[in-house]
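A single chain, nothing else alongside it, follows as structure tokens in the form predicted alone.
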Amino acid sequence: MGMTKDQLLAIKDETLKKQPASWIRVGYSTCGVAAGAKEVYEVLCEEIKARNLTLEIKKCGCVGLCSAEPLVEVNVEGAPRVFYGKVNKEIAHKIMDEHVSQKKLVDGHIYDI
């Protein structure tokens, strides 16, 4: 017999409780890496370390919008969760300066996925 809806919701709630409050995910599939995700990931890691943040950063797979790679998903407390597309080193710095530090969205690179 399968799980009930309530059991599944309880599992979901427990999983969400274990996730950090703030995190960044970089699309690191083949299309993302080909578009520059490696460099973007490195910039974000350097910025997190330089700012002494407890922000978790992870590589993730494709979300199906290859034309917008490199994609960066940002979730920080006090700001909306956002997907940024066509991120380069300069935009990665802006994401850290504006979205992460000031809770302001970086216009011109937000994607609705």
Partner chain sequence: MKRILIQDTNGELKKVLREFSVSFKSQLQDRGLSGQAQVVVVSDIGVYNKGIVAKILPEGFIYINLDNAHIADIIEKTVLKGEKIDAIALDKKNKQLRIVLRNCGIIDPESIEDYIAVNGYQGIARALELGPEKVIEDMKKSGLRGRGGAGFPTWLKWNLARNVKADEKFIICNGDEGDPGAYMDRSVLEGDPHSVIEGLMIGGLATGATRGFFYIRAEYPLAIQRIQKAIDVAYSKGLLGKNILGSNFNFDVEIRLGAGAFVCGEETALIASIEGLRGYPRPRPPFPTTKGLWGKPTVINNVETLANVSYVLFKGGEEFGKIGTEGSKGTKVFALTGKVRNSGLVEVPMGISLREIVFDIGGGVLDNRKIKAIQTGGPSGGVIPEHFFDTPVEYETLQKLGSIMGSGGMIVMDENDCMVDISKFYLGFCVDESCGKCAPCRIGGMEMLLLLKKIAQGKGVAEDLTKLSEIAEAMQKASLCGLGQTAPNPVISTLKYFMDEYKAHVFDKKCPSAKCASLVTYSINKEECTGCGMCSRVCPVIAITGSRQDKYAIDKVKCISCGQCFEVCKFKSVVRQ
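Residue numbers count along the first chain shown, from 1. These figures come from a predicted structure and were not determined experimentally.
We do not show the form predicted in complex with its partner chain, though everything after this point is about it.
- With a 4.5 Å cutoff on heavy atoms, Lys49 does not count as touching its partner chain in the model of the complex; it lies far away.
- Taking non-hydrogen atoms only, Thr30 approaches its partner chain to within 4.5 angstroms in the model of the complex.
- In the model of the complex, its partner chain sits within 4.5 Å of a heavy atom of Ile11.
- Interface residue remark: Lys38 is not counted as part of the site for its partner chain in the model of the complex, having no heavy atom within 4.5 Å.
- The partner is not shown here, but in the model of the complex the stretch 75 to 105 reaches within 4.5 angstroms of its partner chain through a heavy atom at Gly78, Ala79, Pro80, Lys103, Lys104, Leu105.
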